[in-house]
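Given as structure tokens, the chain that follows is alone and in the form predicted on its own.
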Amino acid sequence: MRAAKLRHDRRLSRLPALLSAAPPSPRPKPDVQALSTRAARRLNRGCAWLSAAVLADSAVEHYRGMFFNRAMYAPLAVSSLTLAASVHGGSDRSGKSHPVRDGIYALAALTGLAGTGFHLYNVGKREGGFSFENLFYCAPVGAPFALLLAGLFGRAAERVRDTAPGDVPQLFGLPAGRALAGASALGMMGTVGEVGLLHFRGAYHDPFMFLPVSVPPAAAATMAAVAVQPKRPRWRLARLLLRLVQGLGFAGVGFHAYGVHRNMGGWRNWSQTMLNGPPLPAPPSFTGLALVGLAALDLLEERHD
């Protein structure tokens, strides 16, 4: 009884101190401008991967074509500028757009659009037109599309940076997160179409060749669902799938390097096997598109927070 009374008296003696204690401070609100800038920087990094893939791929493929058309130098110059602008944007912590970067991205989008037209013309003028054989071995129709995407997503990054504090970033009259989620889904499906065509040419002789035509479509479908109805459970699934797609871009370079090694002469005859083996610069396009999708999720979380 005495012990119980002592415990009761001790609790009563602490009661005034507990009542006079200050209430816990509310959770600070996130800095919306900082979150928008972070998403814009992630978009710039995605554009850097896309433009680097275009630069390396066009350098190899246009060298194989002996630059018979002077216009074949254009994607090398423009993708180099886009890569430099994207690296600069990825490290730029300011909340304002840069007019030089914006102009370079616009030039990249126009060059990618023109390149798609050139490649379509190259395929269509051959005997048989748009047959499987021409699509397999003529100018790849989807290759310039990556430069077009780099330009469009780069310009989107500059628009996101220009958002006034407290406002929701807008693109084409839609919230930027939802617009970019849909755009990243379309970009991934376009890339999957090109990959599926070329892996079909390789007869899917390696089971790993099914990965880039199965994981990215699942990520694209999830991002399309996020664009239509941005619900939190879908964000978690989308983020997981995008991380897998991001890693797939790196792993694909290793698989393609092994494919080059399997050609006669291997890497000792690299000047020939790199031209005839699977393209090393192609898989990082998935990494760039995954970063764009992650930036879209960042913007959606910012809006709901």
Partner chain sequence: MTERFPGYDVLAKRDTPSWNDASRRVIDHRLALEDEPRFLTQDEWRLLVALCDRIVPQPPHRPRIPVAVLIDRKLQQDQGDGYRQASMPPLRQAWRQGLHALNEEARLRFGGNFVELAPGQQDALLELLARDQVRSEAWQGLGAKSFFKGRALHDIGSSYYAFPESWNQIGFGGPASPRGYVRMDFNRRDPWEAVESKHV
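Everything quoted here is computed from the prediction, not taken from an experiment. Positions refer to the first chain, counted from 1.
What comes next is about the form predicted in complex with its partner chain, which is not displayed.
Proximity to its partner chain in the predicted bound form holds for all of 63, 265 and 275, with the criterion being a heavy atom within 4.5 Å. Look at 48-56, 244-252, 34-42, 267-275: in the predicted bound form, residues with non-hydrogen atoms within 4.5 angstroms of its partner chain sit in 267-275. Contact annotation: residue 126 falls within 4.5 Å of its partner chain in the predicted bound form, judged by heavy atom distances.
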